[in-house]
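The form predicted alone is given below as one chain in structure tokens.
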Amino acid sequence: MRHEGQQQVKIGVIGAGPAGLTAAYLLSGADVDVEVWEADPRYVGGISRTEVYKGFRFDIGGHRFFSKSKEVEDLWSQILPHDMLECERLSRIYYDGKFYSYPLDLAEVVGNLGKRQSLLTVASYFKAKLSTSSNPDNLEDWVTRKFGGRLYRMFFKSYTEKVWGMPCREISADWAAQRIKGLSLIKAARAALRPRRQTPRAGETGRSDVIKSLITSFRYPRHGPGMLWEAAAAAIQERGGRLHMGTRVQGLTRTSAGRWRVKLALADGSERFQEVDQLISSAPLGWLVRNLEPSLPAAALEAAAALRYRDFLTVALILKSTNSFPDNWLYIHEPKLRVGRIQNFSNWSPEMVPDPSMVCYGMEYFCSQTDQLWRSTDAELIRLATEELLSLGLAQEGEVVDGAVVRQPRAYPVYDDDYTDRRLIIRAALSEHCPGLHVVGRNGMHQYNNQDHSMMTAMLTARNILAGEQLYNVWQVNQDADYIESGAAGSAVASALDQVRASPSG
């Protein structure tokens, strides 16, 4: 991309996850000079990568390929046109020694709970509708109003507190509103009573009305999500873009000429500097703010320091067994067990497992880097995961023959009470002091959403760069990867900007 009378514009991209690679893929396709820096020496895809251990492939969490955005679905098809499988969804909740289908099966719920408990659950729902605020500000009140206190305690409280490591009353209602958008007890019951039907594909009538939590099918790359991002990375390089693996960004300086000078640490231990005209960052927002020169005002630095993240462990257990559970994944609502979710990777794609007489389960643990769980050895984690799998009755003694551990720091931005105000302050500071710096994606914007949302923020950022002007405000992309025109959010940012301007320099 060249502006008239100028040299080709150079764009730097921090991170080769879904957001960073989407932006680089689109820009390189428009003949823009692109450099991508990825700290991982081996894998692209970020948290959407596919790890490989002795031929067994596994995700860092399961990644469904479903979006209400036709643009996103079309881009997936363009990048990986021949290797996307159609998967029927099956997921269940384990609670009090029993499994519950999700979406709900009313006959199963009544059968598991009994008629008396089922009637009390319905009564609890109507009581909550009468007694709770219509504008709840925390997750516990939000879910209770939607489902009633009994279902909240059975099917939400334990799992959610495992994920976030804090009481549900301290978690912002924003998280529930985004992750469980449109779903309530009444809608779940209606979905359970309707005949099961295929989820509409991209462009089909009714797709925009589908509740993501209730979709019955999705697409999935035959070798896992990393297959798609590996294809995207290859296409970027074929178009002349450069991808630098094992290269960590250590600092960003705004030069007097208005460019960005990037300090890089290479895999061989050496350092180098590179200048770009504009910069796209999918790195954690808190890290970004702390590593900018000149420093942002103190209010932004304080807001960035207070942003929190939740870390994540996957223990992939390999079993010699042909009698695996039928689900794609299970939610474990059992407070006595540390595991939060279990993936069955061969039920996502048979090609994730090299030997049909074997299975591979992803035992998922949510924690913080200061926790003993995170500091445990791989052998200790494999032993814990094996014991918990046996206690659930999902394996027999002696079936687990091997395992591998993957630690994922900063997997989930935390939606605590003050995260919205902190993001507004940072947004205002970046807008005021960092022209030519674009933030995209889950960690880049400190917004816990799916990969289609991350991709849409990158798609709109690429359009802005190609147009040479700010056509879209990427902060207005919602959880369904839809672009929402600015409204009340604009005044909130203006207020935050006043606060930043009144703040001393950092």
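Position 1 is the first residue in the sequence shown; the rest follow in order. Computed from a predicted model, the values in this text were never measured in an experiment.
Keep in mind that the form predicted in complex with a small molecule is missing from the display, and what follows is about it.
Options 420-428, 112-120, 90-98, 245-253; stretch whose heavy atom lies within 4.5 Å of the small molecule in the predicted bound form: That would be 245-253.
The small molecule contact in the predicted bound form: N449, any heavy atom under 4.5 Å: Within the cut-off, so yes.
Any non-hydrogen atom of P284 within 4.5 angstroms of the small molecule in the predicted bound form: Yes - in the predicted bound form, heavy atoms of P284 and the small molecule come within 4.5 Å of each other.
A39: touches the small molecule in the predicted bound form, heavy atom cutoff 4.5 angstroms: It does: once the small molecule is placed as it appears in the predicted bound form, A39 has a heavy atom within 4.5 Å of it.
Non-hydrogen atom contact G12 with the small molecule in the predicted bound form at 4.5 angstroms: Output for G12 is no: heavy atoms all beyond 4.5 Å of the small molecule.
Contacting member of F312, F156, W142, W260, with respect to the small molecule in the predicted bound form [4.5 Å, heavy atom]: Contact with the small molecule in the predicted bound form is made by F312 alone.
Listed residue (I47, L437, V52, L460) with a non-hydrogen atom within 4.5 angstroms of the small molecule in the predicted bound form: If I apply the 4.5 Å criterion carefully, the residue I get is I47.
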